[in-house]
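Shown next are two forms of a single protein chain, provided one at a time as structure tokens under the names structure 1 and structure 2.
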Structure 1
Amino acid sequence: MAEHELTCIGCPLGCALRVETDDTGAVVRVTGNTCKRGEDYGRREVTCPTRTVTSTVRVAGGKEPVVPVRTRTDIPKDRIFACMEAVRQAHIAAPVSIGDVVLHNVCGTGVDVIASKAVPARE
């Protein structure tokens, strides 16, 4: 049995969560949340914490030198720096649209890195 006290990052409310786990590490109960999202976060955070990673990728021939990108969904927290390394090496040619895939299955996480802003080509 263990208790974990967390602050939910699901939304700006920042609920104070209490997550109880049993001896195998499995979550028994989440309290203090005010929505389902909070319970999910609590469960995940003590077993396999994940985060969305946002950064930028260089653009060739664009009106702007870089395009903001994000992981489409969360990736495991311990893969953040590996993901960043891949993002640093990546590049994409203009024009770029929102949602364009910049990196498939980044670092084997099963999650794509996608563009989060449109960058038109330079005239």
Structure 2
Amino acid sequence: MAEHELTCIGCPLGCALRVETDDTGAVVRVTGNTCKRGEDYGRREVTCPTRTVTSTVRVAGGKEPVVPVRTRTDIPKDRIFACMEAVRQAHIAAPVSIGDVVLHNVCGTGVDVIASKAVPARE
């Protein structure tokens, strides 16, 4: 049996979690959490960690040279570097609206990268 010690990010309390797994990697027990979100976070983090990715993408013809972007939902943690490389190579033409899809299905994750700010076109 293995033990994993984590700090929960499910709420502002930051509980110290201990997640116990069996020999197959399945979660047996989560302790230290003060709410259900902590248990859910501990289980997910040990079995299939995910993250939201934020960055910027170049804007052609915009009042600003870049637009902040983020993944619509979490992506698998092991796909972050591939996602960042795709974002680095991306560009979008102005005008850009909040929620515009900048990259569809980034790196085969099924998750879109979207604009998180509006960037108007140069006048």
Partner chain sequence: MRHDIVIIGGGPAGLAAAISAREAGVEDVLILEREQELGGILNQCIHNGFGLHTFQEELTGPEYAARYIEKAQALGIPAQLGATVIDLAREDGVLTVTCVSRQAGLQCIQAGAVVLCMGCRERPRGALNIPGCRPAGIFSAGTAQRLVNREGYLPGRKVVILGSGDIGLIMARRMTLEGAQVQCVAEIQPYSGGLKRNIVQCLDDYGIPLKLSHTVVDIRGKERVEGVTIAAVDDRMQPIPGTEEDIPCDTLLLSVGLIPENELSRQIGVEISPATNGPRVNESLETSIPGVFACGNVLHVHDLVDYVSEEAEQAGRNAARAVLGQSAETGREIPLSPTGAIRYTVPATLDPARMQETLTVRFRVKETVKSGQIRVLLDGKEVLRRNRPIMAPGEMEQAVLKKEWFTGTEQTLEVWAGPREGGNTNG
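Throughout, residue numbering runs from 1 along the sequence of structure 1. For clarity, a rigid core is taken as the largest C-alpha set superposing within 1.5 Å between two forms. Given the structure is predicted, the values throughout are model-derived calculations rather than measurements.
Note: the form predicted alone is the second of the two, structure 2.
Relative to the superposed rigid core, the position of the CA of residue 11 differs between the two structures by 2 Å or more. Residue 40 shows a C-alpha shift of 2 Å or greater between the two structures [criterion: core-superposed Cα displacement of 2 Å]. After superposition on the rigid core, the Cα atom of residue 100 is displaced by less than 2 Å between the two structures. Relative displacement of the residue 20 Cα between the two structures on rigid core alignment is 2.9 Å.
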